[in-house]
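Listed next as structure tokens is one chain, alone, in the form predicted on its own.
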Amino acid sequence: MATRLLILGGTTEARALAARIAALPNYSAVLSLAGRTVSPLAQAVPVRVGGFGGVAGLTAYLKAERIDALVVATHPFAARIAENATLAARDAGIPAVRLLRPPWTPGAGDDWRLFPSLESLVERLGETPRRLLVTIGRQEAHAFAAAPHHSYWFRSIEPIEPPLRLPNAEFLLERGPFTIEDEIALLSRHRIDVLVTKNSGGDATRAKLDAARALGIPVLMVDRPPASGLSEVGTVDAVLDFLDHHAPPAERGA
């Protein structure tokens, strides 16, 4: 009997995992999306959209759907979801693993300043007007309302809602991956002197960091939140290895 998986997704890694799982006859998976993206990419397995209602709701779903194992493949900054998943998997008595892309690390020539939160980063922008490319998504963009004297270029997949009212702001609706040539052109065209991002990791948006290094632009980066307590792996193969050891098909219903 196939092992039933719930994948908490919304990332490139979750989509890749779903594609691998769909090709394996000994697994049956549902991919859960939070619903923040209006037009998500097509997926290889059945998809459910929306929240669960906290730990209790997720635990109830795991039990009702007879889920054998939980894979958390959400964004590295989705700390609350990872924490809820840790508790729900424990309460449901099933194994759980987190697929987490490795963080970016600075190299020679990089000028990175790390901050524990976006609010602390905004506080350190200073009084001198600066030209910032902000690539943190749309969920927390309103934090920059506290520093309206800068010029901003916000890049996100979908519009910021409610609209962000700043005197000098432009909004770029784009989806990665991006090339270093395109990123250098973007930074140069708008005369950007600061890049703001989160340490999301991955290759899809790495080029902006390489472009900033090439142009000598400092990067203000929000550091990752603390670990969730789940076992963490960095590849789809490692997830499958974890499942083979902790949730093989023969154990279902044992």
Ligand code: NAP
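These numbers come from a predicted model, not from an experiment. Start at 1 and count along the sequence shown; that's the residue number.
Not pictured, yet referred to below: the form predicted together with the named molecule.
Among 185 to 193, 51 to 59, 202 to 210, 216 to 224, mark the stretch whose residues have heavy atoms within 4.5 Å of the named molecule in the predicted bound form.
It is 51 to 59 that comes within 4.5 Å of the partner.
Just to confirm, with a 4.5 Å cut-off on non-hydrogen atoms, which of 80, 149, 131, 142 contacts the named molecule in the predicted bound form?
The option sitting close enough to the partner is 80.
In the predicted bound form, does residue 45 come within 4.5 Å of the named molecule, counting heavy atoms only?
Result no; residue 45 lies far from the named molecule in the predicted bound form.
Taking the named molecule as it sits in the predicted bound form, is residue 34 in contact with it (heavy atom to heavy atom, 4.5 Å or less)?
Residue 34: contacts the named molecule in the predicted bound form.
Any non-hydrogen atom of residue 5 within 4.5 angstroms of the named molecule in the predicted bound form:
Answer no; every heavy atom of residue 5 is more than 4.5 Å from the named molecule in the predicted bound form.
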